[in-house]
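A single chain, nothing else alongside it, follows as structure tokens in the form predicted alone.
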């Protein structure tokens, strides 16, 4: 390896070093503040190293990993989301009498696995980084070992993640049988198809099984049934990490694959993806209408949001990656803010999950209610919020490529989402009767968590009012993956 290779890998090396430092610190002294400080310092250093890595990009570091502008953008998004999750975790864990330090080690290893995913251009690196992320999440979901729902959620995630990994691996094996390579770019090149294609049925079956594996990770219909139970049972900061870092990293892989291979609008695969996107948008919003648990509501709504994101991928035009990356950034700040409020107002006796727990929150915790309102309005797509700009770009990408059906479904299902998001806001504004007053949430006692919530609320408004700098960054970096 050349020095430039190490420069390109610098953010990953820093994350690895931070994980080792946290592990050594735990063996020497158990100190929650020290461990959290080392974790967040490692994440800040890794984020600061991204421009240095960009100076060496684009660069193929072995046949497994390619560091380019696309990789750097998504790694920055994932590291920033991990930092927010770590900030929420400090106050959340501080209120519980458990051993807290190992949580941050798992968070760092999960972040490392997630960050390698956008750089993966080979099935080997894709699978190893995905498993590093997934195995770390098993422990994070079940970290509160006294919570039965958490143990149940971790077992469900273990079983379903193992099944999805098996589909992914077997699909890769079938593709290798047909093409003789595991390189994503070489598999999808036309000359590779001409030289291989000894068993086209194997190729189609392999791609189908890989799609099933990725569908499970993204929790789109019909692979979505696990997500509400996992979100509900996991600690709130872990649910935030799952909703953003985990799913965002897998979606980045999907963007890279779509950039290498344009699916014909007349192919069967295209029709399958259109059905998945449309049904995910309808089912996610429809199921969210029935929820009285805010974590399950956000879980079902996330199904719809990743259905929206599939619209940009299927558009496959010059604005598709920009639209997908911008919407993903808008979704990140909104969903992190929502779960951050859940973590902040949850006491040591349990989480504030039911909508009744938020009744009158405007009168009791005005700051938390303001942040949660901003998040809900952004998820709806109300003007002057990040979500509005994101949905506008998705629609432009879809209409620009004449994906009329999905564009109409996006508009209709977004209108359905108005009901359950506004219900959360109205519940917070209502003053409960004295005899029905819910238990008071814990005081927002984490200064770090408050700072992170403030930054996310500011991000929601800033992206909605002045998105030009972010769009410019996306067009300079993330869009570099396009073959156009």
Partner chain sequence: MNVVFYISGATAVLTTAIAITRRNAAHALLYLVVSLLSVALVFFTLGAPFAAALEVIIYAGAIMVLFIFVIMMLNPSAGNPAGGERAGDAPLRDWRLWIGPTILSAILGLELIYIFAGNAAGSTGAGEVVPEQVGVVLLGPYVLGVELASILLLAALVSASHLGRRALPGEEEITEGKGGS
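Keep in mind it's a predicted model, so treat the numbers as computed, not measured. Positions refer to the first chain, counted from 1.
Omitted from view is the form predicted in complex with the partner chain, to which the following refers.
- Only one listed stretch (41-49, 448-456, 416-424, 56-64) carries heavy atoms within 4.5 Å of the partner chain in the predicted complex, and that stretch is 56-64.
- For the chain shown alone, residue 128 is a contact residue for the partner chain in the predicted complex, at least one non-hydrogen atom being within 4.5 angstroms.
- Interface membership of residue 96, defined by any non-hydrogen atom within 4.5 Å of the partner chain in the predicted complex, is confirmed.
- The closest non-hydrogen atom of residue 146 lies within 4.5 Å of the partner chain in the predicted complex.
- Although the partner is absent here, residue 475 lies well away from the partner chain in the predicted complex, with no heavy atom inside 4.5 Å.
- Against the partner chain in the predicted complex, the set 248, 382 and 385 makes no contact: no member has a heavy atom within 4.5 Å.
- Checked against the partner chain in the predicted complex, the residues 359, 391, 122, 256 give one hit for a heavy atom within 4.5 Å, which is 122.
- Note on contacts: among 10, 461, 23, 471, the single residue with a heavy atom within 4.5 Å of the partner chain in the predicted complex is 23.
- Counting a residue when any of its non-hydrogen atoms is within 4.5 Å of the partner chain in the predicted complex, there are no hits in 215-234.
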